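Coming up is one lone chain in structure tokens, specifically the form predicted alone.
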Amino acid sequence: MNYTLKQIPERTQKPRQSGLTMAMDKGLSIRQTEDFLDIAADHVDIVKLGWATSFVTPKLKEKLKVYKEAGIPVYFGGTLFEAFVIRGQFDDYRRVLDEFGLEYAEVSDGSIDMHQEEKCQYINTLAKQVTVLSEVGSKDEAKIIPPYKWIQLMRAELEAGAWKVIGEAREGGNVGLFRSSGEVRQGLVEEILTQIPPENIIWEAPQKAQQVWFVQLLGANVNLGNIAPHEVISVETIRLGLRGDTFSLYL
């Protein structure tokens, strides 16, 4: 930090298991990536190349090299995994991970129907190759999953070998954990937390009000995901009680 302030919460240090900030790269150029990391690398723990953007991103290997040189792990969005699986190309997907030197992968079923046992088999297989993040929740706002099912899915996927489970919200923050208005499904989150340790969950929270809500509930070292690159510094001030929304949290 640039100067000293009292009554600032202690943040976990990288590489961390809690207090993670997962940023979503939806198509940054190499120069934009370099600028993003120049200001925010200390506050970013992992980057997701959103949905299947990696399929059409030019100079992908060069871009991944920029992240690697900054010590920031990268993974391809779960929608890409689903796109390979539904086409019967899971082995091709595994080869792509190796070809691009990825050490993380996301397993999801937000866009396709997949039996839980099948999903857990994919997690188990990939966990022997890379570190797996597993996303729970549907991208279909009409599909409401009851809390007990979220808990059962998260528990099973962690047992199958997932490093973290991700609570689905999409890049807009209007499905899964949230209502279409962006309002948090508070009862759902609180019930999940009765059974799943918070350090095992990354909560997708792209909207400021959602980030504030989770920090108020779980503190500075809550795991937050789908953070826009230009919002990473802002999120860090929310965590530390240095923005109006959380200003009184630690005083």
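Worth saying up front: this structure is predicted, and the values here are computed from it rather than measured. So that there is no doubt, residue numbering starts at 1 and follows the sequence shown.
Here the subject shifts to the form predicted together with another copy of the chain, a form of this protein not shown in this document.
- Only one of Gln152, Gln89, Thr125, Gln116 comes within 4.5 Å of another copy of the chain in the model of the complex through a heavy atom, and that residue is Gln89.
- In plain terms, the part of the chain that comes close to another copy of the chain in the model of the complex, with a heavy atom within 4.5 Å, is 94 to 102 out of 94 to 102, 176 to 184, 152 to 160, 117 to 125.
- Using a 4.5 angstroms limit between non-hydrogen atoms, Gln195 is distant from another copy of the chain in the model of the complex.
- Of the heavy atoms in Lys68, none are within 4.5 Å of another copy of the chain in the model of the complex.
- Proximity of Ile112 to another copy of the chain in the model of the complex: non-hydrogen atoms within 4.5 Å are present.
- For the chain shown alone, Lys14 is not a contact residue for another copy of the chain in the model of the complex, no non-hydrogen atom being within 4.5 angstroms.
- In the model of the complex, another copy of the chain lies within 4.5 angstroms of a heavy atom of only one residue of 124 to 146, namely Lys139.
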